[in-house]
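This document opens with one chain alone, in structure tokens, the form predicted alone.
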Amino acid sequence: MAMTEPGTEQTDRPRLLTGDTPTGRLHLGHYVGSIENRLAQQGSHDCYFIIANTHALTTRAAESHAVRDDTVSIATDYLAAGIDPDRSTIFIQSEVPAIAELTWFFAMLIGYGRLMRNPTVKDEIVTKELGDSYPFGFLMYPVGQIADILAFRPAVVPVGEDQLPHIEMTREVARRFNSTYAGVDPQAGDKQHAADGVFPVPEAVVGRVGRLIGTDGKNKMSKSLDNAIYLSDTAKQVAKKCNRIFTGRMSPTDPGKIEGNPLWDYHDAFNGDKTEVADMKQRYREGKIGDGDCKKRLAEVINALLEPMRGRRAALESDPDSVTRVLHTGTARANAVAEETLWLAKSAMGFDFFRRQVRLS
């Protein structure tokens, strides 16, 4: 019989798992890449959102206290964005021990060569200038991410485009575990794995904007590159950042370029008035409208999106313990689900010596 905490009763809704590593505040790239999908699916899915604080240590091992602060900051961003703790579960990775145990088991099912062929891993080594100095934990990170996901046996995983290689590895490991320990035919389809295996083979869902360019017009939006507009920015900060978006245009009367111009990428992403956008683009191409007017309108659009978030953030800040309460309740729920998954996995492996239940104090 499954062990559950209050609030973890079975639901007919398909389960969804996704989350973020706490490396700083969330920005517009996170919003269109994944958070927007999370908000839309709260009513149709049983949603679990992980704050993967342990993963942050792969490049910030000496900054654990800052990672703790960022963990609370990310949770605040979730709630301000509209994640509803009565309909969704927000939890802290380090407080769910079943994830670490599953990481160990999954590490036995995936080879070093396969890890190093993951383009996301290779890109991070380059972009973060790790060279050969990265810790062993950096290579455990993608395996841990597999455990983050499969611990909750989700049907879908909303992610940004750059995370697709991680999801593909997760799918491979789910199939391999089911074939190795649950007797599922290695050639079976994904539906068969869901029916007869321990783990379903989850589907990735990419946001409507897979990769949002930064305000510099060169790189993906990122805190480290100082090219991000944050969900927590004030109206003045948004206007200032929109004003410095790089368009490459030399004069307001020059014919403007649309393709590859972050100004128009943002209008396409956030301005719901498509007729207005089409008209502005045409005038921009003809040199009849300057960057300043287009940037001012963009700031208005983005601020309209962020204003409700600012109101929710103010309410959270008026009750400093509110975020901690949400995290405590959510982590208790997450432990109930993850422990059940771990028991199913150990049972399939013949490691089902004793059951346990994790309780938070």
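Note that residue numbering begins at 1 and tracks the sequence as displayed. All values derive from a computational prediction rather than experimental measurement.
This next part talks about the form predicted in complex with a small molecule, which is not shown.
Please run the contact check for R285 against the small molecule in the predicted bound form: heavy atoms, 4.5 angstroms, yes or no?
So R285 does not count as contacting the small molecule.
Though only this chain appears here, would K257 touch the small molecule in the predicted bound form if you measure heavy atom gaps against 4.5 Å?
No.
Tell me, yes or no, whether S222 is in contact with the small molecule in the predicted bound form, where a contact means a heavy atom of each within 4.5 Å.
The answer is yes: S222 has a heavy atom within 4.5 Å of the small molecule.
Any of the heavy atoms of L212 lying within 4.5 Å of the small molecule in the predicted bound form?
L212: contacts the small molecule in the predicted bound form.
Answer option from D265, E124, E101, D291, heavy atom within 4.5 Å of the small molecule in the predicted bound form
For this set of options, the contacting one is E124.
Scan P165, G160, P142, P200 and let me know which has any heavy atom within 4.5 Å of the small molecule in the predicted bound form.
Exactly one residue meets the criterion: G160.
Exactly one stretch in 147-155, 174-182, 277-285, 202-210 has heavy atoms within 4.5 Å of the small molecule in the predicted bound form; which is it?
Of the options, only 202-210 has residues within 4.5 Å of the partner.
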